[in-house]
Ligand code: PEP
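First, one chain by itself in structure tokens, the form predicted alone.
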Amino acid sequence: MTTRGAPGGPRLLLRRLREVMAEPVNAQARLDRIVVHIAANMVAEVCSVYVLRADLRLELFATEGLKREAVHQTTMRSGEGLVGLIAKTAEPLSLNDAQAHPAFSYRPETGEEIYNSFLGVPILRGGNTLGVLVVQNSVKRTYSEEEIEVLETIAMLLAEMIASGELQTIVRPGAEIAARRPIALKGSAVADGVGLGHVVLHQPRVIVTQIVAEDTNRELERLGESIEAMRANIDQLLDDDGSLGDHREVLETFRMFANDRGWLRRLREAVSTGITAEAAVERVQNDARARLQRQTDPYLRERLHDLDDLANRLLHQLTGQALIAPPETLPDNAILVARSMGPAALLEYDRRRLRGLVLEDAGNSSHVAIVARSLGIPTVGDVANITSLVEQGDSIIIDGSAGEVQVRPQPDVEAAYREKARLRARRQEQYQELRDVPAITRDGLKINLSMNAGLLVDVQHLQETGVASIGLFRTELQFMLAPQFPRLEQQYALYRQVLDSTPQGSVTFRTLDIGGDKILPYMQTFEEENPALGWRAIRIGLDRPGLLRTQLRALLRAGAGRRLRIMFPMITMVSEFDAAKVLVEREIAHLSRHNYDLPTDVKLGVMIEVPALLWQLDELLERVDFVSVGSNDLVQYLTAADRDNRRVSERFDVLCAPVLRALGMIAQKGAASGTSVTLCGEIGGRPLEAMALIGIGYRGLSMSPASIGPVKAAILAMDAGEVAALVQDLIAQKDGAPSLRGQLRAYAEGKGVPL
């Protein structure tokens, strides 16, 4: 026998449910009324709502037709029974003989043994399952596609109710609803510090509150108009003059999806069921996200991100809301959460109100990570699915040094992190007291500390930290933040300001280091199999000498009347340095002919970050005035381990014998030739690693401003001679140990060296 629901009933049901949602009643009463209305409208003998708890058990929260005493008593695991199967697969299930299904699980306390027909749909939000909505009949009934769609629409209403936390008021003591449960997430440590605050989504999620359509035809028109406007916007961006770099591929993908007939058909079909255009977009995207989230194919999972972005873009088009949160609306104690963002976008936010940054698709060496470290913003990257797991305003804690994120933390967890933040603040006060104390070891060895920078705002840290010099100024950040190539006068103005701000110390300017993972949005890019091994840094500069000569001319003009230090990145062969030096000499001659004032002294150096230079050190050190070791890339190339690939980035410790031997060889050769050697990679900014570097001969370290205090404290407590003997002994051992970290840490702790 086959029956159908009440004809013409779905829209009436949705209107009635909207009225129930607005009634001033408690959560249990609201749920009870919802299931009664659904059962009556769909001619179902049973309607039940199951909610997923934090322990991943589904609890019966309301029912019409099953035994009332089973409410809040009946539970099942995700995957258990028909309800658990729906929660696990996130897909609807319609059966006219439920008890014959292999997943059927009999619960005697509910009294459901007399019911045969079963229709259940997942309650989804952001592709995540929050619960299950079920209707049942005793007769063997085939539920129509229309009835399934109506139930899915009602599930959207329930999803908002669950996500709001309203149902938390009726859970049993000690239980927690999964949608609002505390979550501990692990990502990559990007920028040190602890931040406590509330979530601000960089691309705010549109909350769909109007689900039931007043006029379906008008909603179809609105959907069509918004799709056309979105397509036109994407086309205009793609047709704009100038190259979009890697953003072009993203927009091409958006255009492909925006014209996908299947996607458009599903949107129109959803609106035709009686819901608004916004609700249709959310429902279709919920379904797509639920399916793709469970895929293991990385290509399909990447398409999920594309669809998410497109759906978000369409929702903002429909509602007229800004796609990006206006930076001026940032509240106090804000933790910015984004899938990805550029460095320019971060700089638009008020640093005084920003307590941290969490990124879904950005790692330790991304452009925004570099800027976050410069600004001293605690940052965690590579946090999977974070933008779907948080709501605007959620309480959140991040630990940038450990790569940890706590969403909606329990009071005891929050108290522990607050204490950690207080301890860190006290340590910072102690470091501040060391500001004017020279970095001299207990046995009298002076270590030259300088800082890394890349923005004018960084220069203020010289005064705060007490260091006199900038050991690495990344000139490419100016290029990354600009809408087009900075002209000579713009470059000159920046370099002049930086030099004027450091009258007592030196600044080492690194020439443009782009390519690889550093793509300029306005520069034409080329597909490369291995970008880190491709056309980048000095290779671009020598192949495009006009670009490098413009920068050199700006630097030489800015350095008029003072000493100037210029460093070339990614040098692989000594001949590349020779070629770069010729360009410098040509620019000096050009400026001299045109009566420009010149620097009193020009020192030229290179970054050692390509292993090939280790076997050209004698020839190199005869030519250069100084060298700086870029340990980030050098260690990456030595170990063939991408530092942004979490599967291999921690496979090789920088404190292993092979790496320390290579680094030690550079320091020894530099000392023998009388050439200044500084290390400016991240390892120099960690106290334990800095101690080891001093042990193998380094006397100059450049690091982020936040690292200077901790490293100086370690230097003041250590005996350089003892450390050198220990490190040399450990390096000489032939046991093949993968790391010397444990032994070095034990020594430091035993000697009271703060780490």
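Values in this document were obtained by computation on a predicted structure and should not be read as measured data. One rule holds for the numbers: they count along the sequence shown, beginning at 1.
Keep in mind that the form predicted together with this ligand is missing from the display, and what follows is about it.
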Contact residue in the predicted complex, chosen from Glu219, Asp513, Asp458, Glu112 - any heavy atom within 4.5 Å of this ligand: Asp513
The unique member of Gln616, Ser78, Asn632, Asn128 whose heavy atoms fall within 4.5 Å of this ligand in the predicted complex: Asn632
Contact test, all of Arg474, Met607 and Gly681, partner this ligand in the predicted complex, heavy atom 4.5 Å: yes
Contact flag, Arg643 vs this ligand in the predicted complex, heavy atom cut 4.5 Å: yes
In the predicted complex, segment of 441-449, 474-482, 352-360, 420-428 with a heavy atom within 4.5 Å of this ligand: 474-482
